[in-house]
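Given next, in structure tokens, is a single chain: the form predicted alone.
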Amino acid sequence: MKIVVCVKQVLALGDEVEFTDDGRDVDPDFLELSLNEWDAHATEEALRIRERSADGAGGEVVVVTVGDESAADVLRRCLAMGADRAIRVEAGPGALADPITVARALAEPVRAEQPDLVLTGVQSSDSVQAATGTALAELLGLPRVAVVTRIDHTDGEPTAVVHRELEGGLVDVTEVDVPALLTVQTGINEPRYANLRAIKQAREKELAVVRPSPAGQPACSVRRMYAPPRGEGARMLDGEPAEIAARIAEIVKERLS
């Protein structure tokens, strides 16, 4: 069984923020880089499926990302967790930012692997659009199940049974034909920590680098980034509960008048 996991290097803001000169992005010096939390769970689930399949023999987990050379760090973390191979789709800093363009860049190398399953995280912690996995499934022509919290699949079986999270705490149990693309929710597992030996071995593994096909027009673009102006802030009210409630009612009436 071959499982491809699409992962992302996400950007986290530090305590202070400054923007680039054109005002369309955050200055890289004010960003921290890490593996997307949802993608860590997707990678862990792929490893567990491989380990359950045929006693863990013959399965392969391949991780793929889109990014520049700095994105190699998240691939090496996945390799240290136990992934077998890693592929980086070349992209310059700030390029291929919107989810549709990223999905276009991922489609060709993922298709070339001819996987039995494709896993992605439900969303990324920086963009929070939850669109890349859905777009990739469409481009690959694969059935898709989103927000998956459990995967039951036996190597060689034509279908997989998955649990997907619905609003209000409900769970939908769905049977899906494989190959399929599943977007994985946090909480499906507890991602393993790599030991020092595995980290060192991951540093020595070669990362395949491919160049994407022409991406076409982006689905969206950033016109401007800025910090919203601060408001007046909170007003603290002291007194007994009844007094505070009465004062709140007065404030609401004043604002509505």
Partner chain sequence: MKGVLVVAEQLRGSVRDVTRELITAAAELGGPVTVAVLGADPAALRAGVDVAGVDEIVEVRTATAEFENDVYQRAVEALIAERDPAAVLLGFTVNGMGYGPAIAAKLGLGFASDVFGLAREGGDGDRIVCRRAMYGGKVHAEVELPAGRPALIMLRPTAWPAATGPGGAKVTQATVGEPGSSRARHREFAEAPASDIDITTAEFLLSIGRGVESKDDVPYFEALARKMSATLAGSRPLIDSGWLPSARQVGQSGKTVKPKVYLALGISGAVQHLAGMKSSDLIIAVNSDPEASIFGVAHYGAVADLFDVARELEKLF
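Positions refer to the first chain, counted from 1. Worth saying up front: this structure is predicted, and the values here are computed from it rather than measured. Take the two forms, superpose them, and find the largest set of C-alpha atoms that agree within 1.5 Å; that set is the rigid core.
The discussion below concerns the form predicted together with the partner chain, not included here.
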*Going by a heavy atom distance of 4.5 Å, is Arg223 a contact of the partner chain in the model of the complex?*
yes
_Given that the partner chain is not shown alongside this chain, does Glu165 nevertheless sit within 4.5 Å of it in the model of the complex, heavy atom to heavy atom?_
yes
*Taking 4.5 angstroms as the cut-off for heavy atoms, does Arg144 touch the partner chain in the model of the complex?*
yes
*Verify the contact flag for Gly82: yes if a non-hydrogen atom of it lies within 4.5 Å of a non-hydrogen atom of the partner chain in the model of the complex, no if not.*
no
_Looking at heavy atoms inside 4.5 Å, which stretch does the partner chain contact in the model of the complex, given the options 29-37, 62-70, 45-53, 200-208?_
29-37
_Just to make sure I understand: among 129-160, which residues lie within 4.5 Å of the partner chain in the model of the complex, judging by heavy atoms?_
Gln129, Ala130, Ala131, Thr134, Ala135, Glu138, Leu139, Gly141, Leu142, Pro143, Arg144, Val145, Ala146, Val147, Thr149, Thr159
*When you overlay the rigid core, is the Cα of Gly239 off by 2 Å or more between the shown form and the other one?*
yes
*Return yes or no for Ala12: a CA shift of at least 2 Å between the shown form and the other one, with the rigid core superposed?*
no
